[in-house]
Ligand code: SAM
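Read the single chain below, which is given as structure tokens and is the form predicted alone.
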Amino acid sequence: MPKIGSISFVEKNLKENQFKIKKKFGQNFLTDASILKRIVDSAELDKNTAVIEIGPGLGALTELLCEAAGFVLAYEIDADLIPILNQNLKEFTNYKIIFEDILKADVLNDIEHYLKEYKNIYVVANLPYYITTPILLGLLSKNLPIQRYVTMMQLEVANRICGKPDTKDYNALSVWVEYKAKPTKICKVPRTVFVPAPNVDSAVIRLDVYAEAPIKAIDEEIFSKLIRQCFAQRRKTLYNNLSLAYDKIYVQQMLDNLGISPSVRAEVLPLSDFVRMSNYLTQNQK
């Protein structure tokens, strides 16, 4: 059997199963076993930990996860991969594959059904590029009992998630993720180690979810709406962006009361200022 995750592993599986790669599912299969190992090592797994994998594909990462973790719950949207996964994972019994779109799945119910005996629950996955942001935002917004995410994604998205104030990568996504977790970029992954090769490079990041947010928004829906509005048009000032959604006099009063300059742009503000504005809106709704 070719080495897990190698180019020969991918080619053998595709050829023997006459599998046709589907662009609509964002299928790009990793061919560098050392990167797979880096992903698993970065997750720091043990047998008290259950893993949720999204898009197991041919099962290369899944095999390593089954070896390292107590249980693997994988979501795969492409039912044509069933025979390949069953074959590649035949040595393991500590996994369950749900053939369903992760964006439509009742993840909390599945966690309670399959993973309730595990102390830790982590997401470890090579995320499809076309739905990376909806997946992460969807899972983080639901406040699921997931303590850690180690995921590979498009480099540009990884840069935004890990973006810091007063940089070109800092945006609403950076703020939302920072509110929920501590982000760390693990490594860059070149496009050349995938079949087929995507048009962009990738990166692996780790998110350690806060058990208790260091700074708390009273209403997370208002907070989410606020940060999107603050970054609505990047070149506009904070005041101008907020005035597109809220009464101008109200916006000026809020910024004055909070000691935030109306002429600043959102990308220079720390998380704490967004939370303060959100809580002001919550407590002084008109």
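Just so you know, these numbers come straight off a predicted model, no measurement behind them. Start at 1 with the first residue shown and count on from there.
Omitted here: the form predicted together with the named molecule. The next part is about that form.
A.B. asks: Would you mind picking the one in Ile186, Ile77, Cys162, Leu140 that has a heavy atom within 4.5 Å of the named molecule in the model of the complex?
C.D. replies: Flagged contact: Ile77.
A.B. asks: Check each of Glu156, Asp208, Asp101, Asp110 and return the one that places a heavy atom within 4.5 angstroms of the named molecule in the model of the complex.
C.D. replies: It is Asp101.
A.B. asks: Does Leu30 reach the named molecule in the model of the complex if we count a contact as any heavy atom within 4.5 Å?
C.D. replies: Taking the distances in the model of the complex, the answer for Leu30 is yes, it comes within 4.5 Å of the named molecule.
A.B. asks: Is Asn126 a contact residue for the named molecule in the model of the complex, using a 4.5 Å heavy atom cut-off?
C.D. replies: Result yes; Asn126 sits at the interface with the named molecule in the model of the complex.
A.B. asks: Taking any heavy atom pair closer than or equal to 4.5 Å as contact, tell me whether Leu81 reaches the named molecule in the model of the complex.
C.D. replies: So Leu81 counts as contacting the named molecule.
A.B. asks: Would Ala181 count as touching the named molecule in the model of the complex under a 4.5 Å heavy atom rule?
C.D. replies: Looking in the model of the complex, residue contacts with the named molecule do not include Ala181, since no heavy atom lies within 4.5 Å.
A.B. asks: Please pick out the stretch from 68-76, 211-219, 171-179, 140-148 that is in contact with the named molecule in the model of the complex, where contact means heavy atoms within 4.5 Å.
C.D. replies: Single hit among the candidates: 68-76.
A.B. asks: Listed by sequence position, which residues of 211-236 have a non-hydrogen atom within 4.5 angstroms of the named molecule in the model of the complex?
C.D. replies: Sequence-ordered list is empty.
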